[in-house]
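Just one chain follows, in the form predicted on its own, and it is written as structure tokens.
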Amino acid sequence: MQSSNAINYDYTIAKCFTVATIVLGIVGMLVGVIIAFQLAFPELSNLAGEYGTFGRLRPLHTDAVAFGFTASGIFATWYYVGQRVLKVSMAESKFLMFIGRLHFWIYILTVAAVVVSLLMGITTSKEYAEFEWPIDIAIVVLWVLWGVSIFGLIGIRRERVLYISVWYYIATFLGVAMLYLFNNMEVPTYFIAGMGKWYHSVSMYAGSNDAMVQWWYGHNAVAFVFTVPIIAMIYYFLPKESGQPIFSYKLSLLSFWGLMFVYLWAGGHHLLYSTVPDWVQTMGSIFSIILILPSWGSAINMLLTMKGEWGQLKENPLVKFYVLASTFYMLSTLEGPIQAIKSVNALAHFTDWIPGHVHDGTLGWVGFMIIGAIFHMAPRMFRREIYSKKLVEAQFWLQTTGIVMYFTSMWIAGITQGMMWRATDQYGNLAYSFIDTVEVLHPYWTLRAVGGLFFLIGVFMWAYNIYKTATSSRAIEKEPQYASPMA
């Protein structure tokens, strides 16, 4: 096998998506902080007319983080990791370089269309699937281009064995493709019925069928955007940064197939106590609980990779990011199944406990892993040491504080909500009005907004550190084999 230094990897596309990751991370999380403060202080919704209202900004925040920051991070790491584990350079194929550039620019144009359309209130109103049919078609095109890149690179690889990260990237491509195509089947009303705007559409499904397909898609968007590709990242970056081999390759494969078979059937837990068939609800609950096994299999495998090397946590802040990301993954994948138990869900559903669960996963697991991955890639892409180790450390602790403030405030708020909504007096009447709960929760919403602000400040610190790394940090003559060099 050739050594990694013997191949001149081309990071052109990886750098483009790295910039997109940082920019969209700032945009998505800035909007998130704005709407968090709007919830605590509603008068802030009036600062920009209709374009600054919670209803316009909330889907923009969700999609900018899920399909902007996260998707860009997935693409950036693929164009970096894929070359290295397959031992082949993008530059060896003019076709793949063309596909990579086309993929990037169609993605950027699609993101621009998403931002404009959501700010204008043009939406299908389906969670995680708000885009009208022209944008959906563009997303299918850019996704197919990414698939061509994945399988094209695999086709010309020098490394015979596909490393486990490649398995997870392939699963991300196939899973999202299947989910997106089926859930976003739409009828353009103008061309079919001569009604509405040319870009307007309605779902091909209706009623309970629409709900079941939507949450089969919605929950598995979490699986194949927030979970599977992030596991691909940590299986590469944690061993590379720490110099430690994966604890168990067999466990990584077992967890992979467990996730593939179990995750797909857990979406029904979003529809408990609804009009969908009871067996769908029960199946969603059961598979959600079973999901603990492959999820914790992956997380434990990651943590045991550091067995005997925990001293690195003192010296290397990137290892801190990866280890705490794994810890948040364990927390989130235990909390989700607990919320899927019917009796718990009766209390938790529609409360702030749900965004508390979502954000300890998205901020702690997804956010930390993508941030850590870009930090690892930067010295190798730009051939410069990371600009400031102290800044990395400060960012880590500030963002960790923000995440803890966020999910603990939402846990308390959510359980308080659930208890107050269910409370009755001696006559069986509701003991509290809705506005009573709003008044009680105000301090927790404020705390959540401040926690989000801490995380956002950390994102700006990250962006500054990467910018300085790329432009003015000290050059390194030889690519680091393991721990990333930091000033």
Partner chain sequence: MFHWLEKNPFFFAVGVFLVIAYAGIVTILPDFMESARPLKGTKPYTTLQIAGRQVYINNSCNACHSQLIRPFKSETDRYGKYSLSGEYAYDRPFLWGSRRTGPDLHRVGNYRTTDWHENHMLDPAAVVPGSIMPKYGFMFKKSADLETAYAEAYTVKKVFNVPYDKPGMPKLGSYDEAKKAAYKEAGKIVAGMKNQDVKDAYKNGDIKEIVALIAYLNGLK
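Quick caveat, the model's predicted, so the values are computed rather than measured. Residue numbers count along the first chain shown, from 1.
Omitted here: the form predicted together with its partner chain. The next part is about that form.
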Does any part of D210 reach within 4.5 Å of its partner chain in the predicted bound form? Heavy atoms only, please. yes
Taking heavy atoms only, is H61 within 4.5 angstroms of its partner chain in the predicted bound form? no
Partner proximity in the predicted bound form: F151 to its partner chain, non-hydrogen atom cutoff 4.5 Å: yes
Taking any heavy atom pair closer than or equal to 4.5 Å as contact, tell me whether K320 reaches its partner chain in the predicted bound form. no
Answer range among 358-366, 331-339, 163-171, 399-407 for contact with its partner chain, defined in the predicted bound form as heavy atoms within 4.5 Å: 163-171
Interface check vs its partner chain in the predicted bound form: of S388, T124, N184, Q312, the one with a heavy atom inside 4.5 Å is T124
Go through V450, L39, L456, V27 and name the one with a heavy atom inside 4.5 Å of its partner chain in the predicted bound form. L39
Non-hydrogen atom within 4.5 Å of its partner chain in the predicted bound form for each of T189, Y273 and T351: yes
Could you run down 217-254 and flag each residue that has a heavy atom within 4.5 Å of its partner chain in the predicted bound form? F224, L253
